[in-house]
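Okay, so here's just one chain, in structure tokens, the form predicted on its own.
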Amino acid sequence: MTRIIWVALAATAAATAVSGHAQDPVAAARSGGTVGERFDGYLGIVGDPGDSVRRQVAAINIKRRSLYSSLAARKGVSPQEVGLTAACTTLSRVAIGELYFTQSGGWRRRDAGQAAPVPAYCTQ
């Protein structure tokens, strides 16, 4: 249990560290509905956010993958497990009007009054 909690905390810190700031182009693309968080701990692109945002999203995902792999190697879990754990936090931070990609496939928009799109495995 302690290992799971540690991995969750570290994965959250890793994903947050490479998510950017609220005033950057990627954050603006999230608000505009062309970039969203995915259930696997990575950012996804919806539509055409432009080449600059596309490159920034790719760079963020490369950093996340590196952090997830490093953490996974240290803790004896898979990078996918770390990404899924990080997504518990990143998805919990999806704001009203932003898009997110579900495990069952497909993009959804968080509507006003809708709970954060946290997968069931996050609460187990």
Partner chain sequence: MTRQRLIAFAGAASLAVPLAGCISVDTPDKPIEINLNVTIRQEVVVRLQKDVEDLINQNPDAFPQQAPKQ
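Here the structure is a predicted model, which means the values were calculated and not measured. Numbering follows the first chain given and starts at 1.
The same protein has a further form, the form predicted together with its partner chain, not shown here; the description that follows concerns it.
A residue is said to contact a partner when one of its heavy atoms sits within 4.5 Å of a partner heavy atom; F101 meets this definition for its partner chain in the predicted bound form.
Not displayed here, its partner chain is kept clear of V46 by more than 4.5 Å at the level of heavy atoms in the predicted bound form.
Not displayed here, its partner chain is approached by R110 to within 4.5 Å at the level of heavy atoms in the predicted bound form. Its partner chain in the predicted bound form comes within 4.5 Å of a heavy atom belonging to T90. Of the residues in 78 to 98, those that come within 4.5 Å of its partner chain in the predicted bound form through at least one heavy atom are, in sequence order, Q80, E81, V82, L84, T85, A86, C88, T89, T90, S92, R93, V94, A95, I96.
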